[in-house]
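Subsequent text provides structure tokens for two forms of one protein chain, presented individually as structure 1 and structure 2.
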Structure 1
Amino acid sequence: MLKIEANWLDLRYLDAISTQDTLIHRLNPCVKLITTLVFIIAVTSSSKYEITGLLPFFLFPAVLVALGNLPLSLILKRLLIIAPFIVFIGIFNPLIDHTPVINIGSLVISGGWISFVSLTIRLCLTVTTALILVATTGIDALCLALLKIGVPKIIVTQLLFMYRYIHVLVEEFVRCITAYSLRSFHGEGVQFRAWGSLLGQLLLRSIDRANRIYQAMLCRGFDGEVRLLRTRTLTGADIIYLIFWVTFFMVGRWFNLPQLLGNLLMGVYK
């Protein structure tokens, strides 16, 4: 399958998932956005050598995946696609930072390895929650939330328009690239001589399309404003969700929960 087609299918899939009707999907989009932002700040602000203290944060994606009825495979697949570049940058930490920090028997672990593991955990946490946010909210509701927190209307409108057009245009792109690759014997990429005419043609068609859509919108009374129908109210569930998670993130950020739990268990054992 073409790369563009695969990516498009992922986009469609995520879009479909975001229209489910679960406990999480029904929550107020603003609340979900704010909770996710607090989560990301809590995770990224912890010390670069933090490992144990980050683990409780896995509860957040775990609960959301479960209650939001999300396919774990989709999220993990994305994580695997993103990971190599970050891991490539991170792997320099063990190579450069040799400060010994812990001995397990005769094995000495350097600070570099600890910061590398910490970085990988952060990567998993931040990537999954960002995907979960859109998979449980959907782009329309998310744009509404952006509007509510004060993003200029034209930016939100542009985001919504573009998202709609992606679905319109990608179909055409896929057809065009498929036709090209069927008629060429050069393997994957588009040859240099065809760069300009291929993309240029697509661009002209896209602009024509924009004009047609614009005319159609004028016929239906478009005046430069996009009116979003969905209005959400703040319910009790939203407030509980927000307070619970923000408290949890604060506690998880300031106390090392696994350490405390371990101490407790060791104490019981003794």
Structure 2
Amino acid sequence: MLKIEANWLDLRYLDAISTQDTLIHRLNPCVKLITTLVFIIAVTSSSKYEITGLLPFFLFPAVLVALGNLPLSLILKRLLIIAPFIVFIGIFNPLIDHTPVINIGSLVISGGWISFVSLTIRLCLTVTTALILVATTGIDALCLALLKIGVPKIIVTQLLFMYRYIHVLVEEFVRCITAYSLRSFHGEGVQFRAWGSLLGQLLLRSIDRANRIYQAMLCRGFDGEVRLLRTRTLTGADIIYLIFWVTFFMVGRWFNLPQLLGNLLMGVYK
């Protein structure tokens, strides 16, 4: 099985485990979406040199994984796949920012390295939380929640169709790679000069497949609107969940909790 196909099946597995019956899965999708958005805003709006102040935010994904009965290995595996992109985004910071921030003896740590670590932590937190949101909500309920909080219908429809039909593109890509491998005598993967014609064939096949799918949808009465039937009422548990976590995020955003705890302990033992 090709790696891209295996990765796609893993992503589908995230959506599959969203049907579990746990405390987190039973929460209202709108509440989970709003809480996640507040979490992302609180994390990403922190100072570029902030590291210790971000540590309390790890409590949120940790609680969701524990209460939602989610496989931690699967979340970490998804995170490792995008790790190179995270490193690529922040790796230039040490080359740009040479401002001395920390002195440890003769060792001077510049602001570029501090901001690089801070950026890596923030990206890990936000991506992990987004994966957990999909794994505890499901794509259909998530799209319905997006509609309810005011996201334009056209954007939600495109997001839903992209998720539903991207596997068609993956299937076509795997079919092209398999056909090339069966006709190749080298067995060293796709050669560089063959990628142009291969991607061209993939584009033509995708357009033809998309037209056939669209015609099939029209024959079944598709009128441009996707009707999502799952609705959930707001409960007391939803309100408590929302108030608790939003308050925690605001406190964590405006106060450095590890520093306050350290000062408190030093004051007690002084």
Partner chain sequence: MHMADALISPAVGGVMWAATAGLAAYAAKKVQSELDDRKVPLMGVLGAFVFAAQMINFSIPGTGSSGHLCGGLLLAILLGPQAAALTIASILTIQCLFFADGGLLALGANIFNMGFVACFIAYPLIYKPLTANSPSQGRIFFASLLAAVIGLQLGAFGVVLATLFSGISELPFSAFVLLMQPIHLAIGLVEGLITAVIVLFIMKESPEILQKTALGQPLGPIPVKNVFITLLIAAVLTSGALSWFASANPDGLEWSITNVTGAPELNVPAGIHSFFAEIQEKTAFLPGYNVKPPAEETAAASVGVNAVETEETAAWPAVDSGTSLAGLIGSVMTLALAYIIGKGLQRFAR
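Note that the rigid core is defined as the largest set of C-alphas that superpose within 1.5 Å between two forms. None of these values were measured; they are calculated from a predicted model. Each residue is numbered by where it sits in the sequence of structure 1, with counting from 1.
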Two copies of the same chain, shown separately. Which of them is the form predicted in complex with its partner chain?
1
Fitting the rigid core first, would the Cα of Arg205 be found 2 Å or more away between structures 1 and 2?
yes
Comparing between structures 1 and 2 on the rigid core: C-alpha of Met162 shifted by 2 Å or more?
yes
Yes/no, Val101 Cα shift of 2 Å or more between structures 1 and 2 with rigid core fixed:
no
How many Å does the Cα of Gly150 travel between structures 1 and 2 when the structures are matched on their rigid core?
2.8
